[in-house]
Structure formats: C-alpha cells, structure tokens
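In what follows, one protein chain appears twice in different forms, each by itself as structure tokens: structure 1 and structure 2.
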Structure 1
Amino acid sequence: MKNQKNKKRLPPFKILSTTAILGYGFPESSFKRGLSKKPDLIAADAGSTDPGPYYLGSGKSFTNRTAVKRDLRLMIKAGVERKIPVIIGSAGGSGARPHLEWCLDIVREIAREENLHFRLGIARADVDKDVVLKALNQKKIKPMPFVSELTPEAIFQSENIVAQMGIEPFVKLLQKGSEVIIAGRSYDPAVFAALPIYLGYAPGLAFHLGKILECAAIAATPGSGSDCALGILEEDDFILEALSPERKFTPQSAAAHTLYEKSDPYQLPGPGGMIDLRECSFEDIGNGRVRVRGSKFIPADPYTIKIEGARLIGFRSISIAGVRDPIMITKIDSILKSVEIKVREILKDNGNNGKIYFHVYGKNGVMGELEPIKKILSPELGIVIETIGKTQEEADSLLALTRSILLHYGYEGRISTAGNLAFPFSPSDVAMGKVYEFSIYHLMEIDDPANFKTEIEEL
C-alpha cells in the first residue's frame, strides 16, 4: 500500500497530430499553436486502404509528392530542432516497399536542403510470399468478414503484400534512439500510441486516443482532415483539443468519430488485441475540449495482424456522358440492358469477353442496387461507361463500341436522332490503365510482433 501511495504519477503526454493523411496539408497557424503546447510527439498517419487496391498493387502513392514534402518539411524541421520525436506510418499511402522508398527519398531531400542531422528509423511492412504460404499451410490465416478463404494462387498473383504492424516495431526503433521514424503499413493508432505505451501509459487510452488522432481534426466540429489536433494523454484519461479557433471538440463529435469505420461501436480490433469501449465516457470540459475515460485494451492470444495484397485483374477504360431526354430517362434500365446485348452480339466471334459496367448518377450511381429510392427524381442523368479487358486495347475497343451504340440507340418514343448523349470532354474515351483487386485481406497469426525488418540511418 505504501508503494502505491508513493508511486509517481505520469505527467501529461502531449501528441500533435498534423493531418488526417500526410499530404492532405494543414494550416501553419494551427501547427505553430500545437508546437506552443510543447508536444512530446509529432505524428501523422500517411495511408489507408480507402482509395482501393490500385495503389498497393501498382506501388504508387495516392498523395501528391509536393504536398507530402511540404507537410514532412514542417514536421521534421520542427521535431529535430525541438528534439520532439516525429513518427509516420503507412508511408506512401499503402506502405509497401515502393511506397516506403518514395517517402524516404523525400525525407532525405529535406534533410539535405535544411541541413538537418538526425537518426532515422525505418520499419518495413513487406511480407514474403513464402512466409504467407507457410502460414496458410499451418492454418494460421483466416479471412476478414465477407472475404473468401485465402488460396496459394492469390498469394502468388499478388504484386505487393504488406502486414499492418502494431506498436512493437516502433518501440524497437525508439529504443535505438530514432528521432524520426518512417514506417511501412501500420495500424493507424500505433503511430500515436507506441511511444506513450512504451513510457508506461495505459494501452487502452493510448490506442483510443490514437484512433481519434489518426484523422486529426476530422473528429472536431466542423471537422477537417486538413487541420491539426492535440491529444493530451494522462494516467486515467485523455483530452482532445482543437488547434484552430474555428473548430472545437464536443462529446458528440469525439464519440461519433470513435465509431468511424467500425462495425462494432464497443470493441475495436487491432494487432494483438482489442480496444474495449463499453465503459467509455466523453465529457465536455470547456473551451472546446473533451475528456475521455474508461477505454481499455484487451490483449489477444494468439497475436494476429492484418495482411493486405493486391493483384492485377485487367485494364480499364471509361467514358463520361450526360442524358437530358426525359423519355430516355424513364427507360434507362431497359436501354442499357439492350445496348449491352447488342454489343455482345457484335463481339461474339472476336473473343472480346471484357466486362461492361454502367454507373448511372442521378439514379443509383453511388449505392447501386442498395439505393432505397427507386424513382428517378432528377431531370438529367450522368452515365459513366466502364469497360475492363484483358489488355488495354481490348478495354478500349469494348468501350468504343458500347459508347457508340448507346449514343445512337433507337428506343421507343425517341424524337431526336442526333444522339442520346452529351459528352463533356473530347476525346470522350479515357484509357485508365491497370485494374487491381484486393487478393489478400486476411488475419495472420504471428509469434513475434516486433519481427518486422527495421534499420537505422544516420542523416
């Protein structure tokens, strides 16, 4: 009991989250206001699977290089000069080797241009195919909800495979004195939670705070993914604070964002365990700040991480057109079906079996068959014609034929014969290039969560 009384309480740990995704930008005024609070960590998540599988498969970033360099320059310069650790996760958007190297090149440029000297920690998230295959054979891989069982074919067809690392690789690099850490694919909250957990703060609170800070000021009101936010972690709670005078945190905004992208509002799974929010509370403490209590972390056994992979499935072409004829609008479903039938009849002997999709905006272009409003209320429709072929030439030719047949298709009640579609662009057809799909979106059991490839580079 005496030891408990004399136990020294941990001081507040302040985390400056700059932006929802590195490259989305943030006001320098908000950043400077955050620096004035003397943060113990500057961090940002740099990636997501939200933009789809293309970026993981192609090895390209979905954020602009100039924008990423601008954000990184401000963060690294401030961090190195003030001796504040800077941590970036899911570098380059998808966090595979080409994305990580792309981001590291930017960091090295900044170091040279600003004459900065620091210890750079690098954590790689790439997983060898034979490692995944071995885990599959040992029955240590299971699919995420609504995902098929993993197959050896899917593993070998994947262009890039990454594992979503938890806090352990970050802690390993911090123990080696890293001042700036650039990591591959990461569990979003880990970027913010690794250092405070290493220092002894409660994992449940640290992970929950990281869950909110990974989107920066989106959790404030009005929300923004291009503005900074401050999180203050204490032994028994954490505080959220906006860094722009036009925003504030409220219990509602903080609680709402806690539910963001989650199917279960109370239990949020991640690497090695689950954030338990069944006893969580949100309290308005004035001046646009919110105090959060009761967040817990429940470790899991075995320790699992999410692995992601993408494979090439073809090539895409699109054409965008508008429809204003009220007669055509009332018959749009039957017209599009008839157009595809005619296209298939013409191509039946030439081996072009590519896919045709019509995305009809103003009807159900966003939700498809899930759209609850069945009656078309708009006086005009936007149609995106999409084709996917085994080659770009196949996709292009399929699109050209589909577009031309729809343009001149004669339907009952048609008055004008000049054409059914209005094209906003010339040329009307656009070759979009390679198409990828997620081939791996599974959980894999691992024995050592720190066993990611890490290295130190002196800049």
Structure 2
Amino acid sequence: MKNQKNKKRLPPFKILSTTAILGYGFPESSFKRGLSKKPDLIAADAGSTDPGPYYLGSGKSFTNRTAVKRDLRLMIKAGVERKIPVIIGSAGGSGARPHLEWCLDIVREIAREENLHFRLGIARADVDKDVVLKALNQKKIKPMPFVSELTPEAIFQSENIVAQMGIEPFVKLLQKGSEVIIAGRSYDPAVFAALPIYLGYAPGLAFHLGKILECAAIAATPGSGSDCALGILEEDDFILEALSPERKFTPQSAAAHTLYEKSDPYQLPGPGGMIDLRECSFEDIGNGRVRVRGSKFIPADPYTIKIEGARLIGFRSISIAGVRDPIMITKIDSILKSVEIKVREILKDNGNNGKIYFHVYGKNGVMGELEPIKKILSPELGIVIETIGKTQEEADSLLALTRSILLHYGYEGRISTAGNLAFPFSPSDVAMGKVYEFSIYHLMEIDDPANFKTEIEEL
C-alpha cells in the first residue's frame, strides 16, 4: 500500500492530550493554546493500576469527582462545540462497570448543565467470569511475569474483572458517529491511536505517540502530569509540542519518557501486538518540538489482551505512634517480636488469626526487606501498627490489643515506665475498611478484539 504512487498523502493529524490522568487538571491557557492549533482529537487516559488494587476491587475512583468533572466539562464543551471527537479511556480510574457508570454520570450531568447535545459512545471493559473460566480451561490465559498461574478460585473471588481494550471498540463507536466516547479499562495509548489508525495512519507511530501522550506533558521538560501536550501525527513521523511557554519537548525528555513505568523500553507489548522502538529516533526540530521516527508495530497472533482483577482479602485497621526512647529504639526488633507473641498468646483461644504488620519508619518502613541499611540512624521512629482481619471487628480488636501491649510492654532495660508510644491523635486507632489484592494480572487470547460491549446514547 505504501508504495502506491497515486495515494493521497495523509494530512497532519493533531491530537490534544489534556492531562496525564483525567482529574489531575490542566491550565485553561494551555488547553486554549491547544484548541487554537485546531486539533482533530481531544483525548485523555483516566486510569492506572498504580494506586493499588483497592480501587478496582471496591469499584471506587481514585480521582476526585469535582476534579474529573472540571476536566471533562472543558474537554466536552470544546469538543462538541467545535465538532472535535473527545475520547476518554479507563473511565473512573480502574475502568470496571462502577467506575464507568460514575464517569458517565458526570458526563450526563455536564451535558444537562451546559445544554450540550451529542452522540455518546460507551465501551464496557468488564469480562464475565464464565468467559475467563472458559479461556482458562482452553489454556488461553498466561500469567504476566512473577504472577502465579490463574486458578478458577481466583476468578470466582475477583470482585471486578476488566480487560484492557485495544483500538477496535473505539473504532466501532467512531464508525457509529460517536462524538464523545467514554470507555472502561483501555490500553492507555488506544484513546489517542484509535481514530488515526482508523483513518490510515501507521499503527507504530500512532501507538508510540499515544504512549507518550497518555502522560500528557510528563514527557516534556520540566515535566507535568497536569498540563496539556500536542501530538502531530504525519505519514512517516510524529511531532511533539508543549502547550505552555514554561515547557518544551527535547529528544532526551521524550526518549526518557519511553522508559517510564515499563520493563523494556524497546519492546512495548499491548493488545494485539507490540510497539517496536529499536529503530526509533528523536530529533530536535526547534521551538521546543521533537520529531520521532521509526516506531513500528508488530502484530501478534493470537491477539492477546491483559485482564485485571482484584479480590477482597479482609479488613484493615491502623494506629500511628512515635518512639523517642533510645533504649527502646536499639531493641525495637525484639520488642515488636515479643509483643506479637504476647498478642497471639492472649488470642489463642478466640479464633482471631488476623495479621499484624509493624511499619517502622526510621528503620525500614519504606523499603521493608529490601532495605540495605540495617543500623537505625534516626533518633526517633514512627510506627504504623497495621492489622488485617476477616472482619472489621477482628482487625479492630487485634489492633487494640497489639497497640495496648506495645504501649505498656516492659522490655528488658526499660527505665521509661509510663508508656512506650507517643500517639499524635485521639482516637489512636483507625478502621481502614476493606483490603483487596490483585488476583488477576494475566494475558488472555481472544478471537475478536472488537468484542467488547458497546452502546450509543443520544444526549
């Protein structure tokens, strides 16, 4: 196709990425500058697994509703008024049904308040447990590195299971005339790459550009996740442009971003294939702009997508306290061990088998087992006592007991006999609620990548 002489060259396709995660905000001045460049697409990624398994498991968003509404209002208003498609992926942070509904609710509210009318495309990322189980039985599921093999038990226990969709469901919704698309869990670059790939731009360039734009201006210097960036896709390259006078893209800043949050910067696997950057080059073309060439896409057969799930494993309570006694600090490890033994002794007949964790800041609270410095160098320690029980009551009572035993524990050599802990707060104990863990983080082979549930809603 590429060598066809009579083929019309594709015009530059401009993508306005507003913010690294919907709800992280962006300056209106940058957004206006972006709009003045007459973009062909306004898009943002709204999700991540980074904030941990709680959000996918609980169905809650890790972003703030007011902040998400503010970002969406600016994007949708500008997009609908100017007839520029607006695409959001991984709605509500984790992109499962409750997150998507949360985001759709905000979109409908904005449409009402601003008296905007548009065709809303919706793509759902939830995967039925039966579908996952069937794929498991057909040996179509593989774990990601360091993840254990998937079990039927893990599938049944997962609260929400989502798949990272590729571009196909977006294309389906664009073909149906969607002006705004809100999708559940999506491969981050898909919201930026779907429309241009559909229009005929090279997938390697489109996906690589999407990979950079999904973090908005983080790849500029100085980087920011709360500022807009412009990507201009051309037939054989793409250009990155900052939209605030305080930032620019440099070959180094753009290349460095390619390293961010991934294990291999040359080969970036995604739905249905891999972005191959082995022949990629970054060139400074002046005025804070960078031209990128050579990014390729290598399709994979079979087509695999990443599936994610989180399961409830209990309830958490915590108490925060400080220690300043130098005698106690030198013996902290043995004291904490003895305290746990005492707690277990008292509880041995009541069936409370909850877990106790001491996060000792000033010792190894940040790195745990990985901490190479074993000697305590700080004059004070911060201790977060954490308990996890089968119920909140179990976690609460385990914490209360552990906290009070540590407070009054008569360790050897103690001369401070009134209390071992400085509590900054009353009450000292906090019920933290449900605890989740990632139960699914696997690749699943699928036959039809467009086979995500899609809907059209006229607003």
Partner chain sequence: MKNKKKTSILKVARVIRSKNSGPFELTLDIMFKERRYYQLFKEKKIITPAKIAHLYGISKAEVLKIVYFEPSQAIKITLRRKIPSGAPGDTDIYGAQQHAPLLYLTF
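Reference numbering: structure 1, starting with residue 1. Small disclaimer: the values here were computed from a predicted structure and weren't measured. Each form is matched to the other, and the largest set of C-alpha atoms that superpose within 1.5 Å is called the rigid core.
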_Structure identified as the form predicted on its own_ = 1
*Consider the two rigid parts into which the chain divides between structures 1 and 2; say whether P189 and I388 are in the same one.*
no
*Smaller rigid part's rotation against the larger between structures 1 and 2, whole degrees?*
7
*How much does the C-alpha of G419 shift between structures 1 and 2, in angstrom, given a rigid core superposition?*
2.7
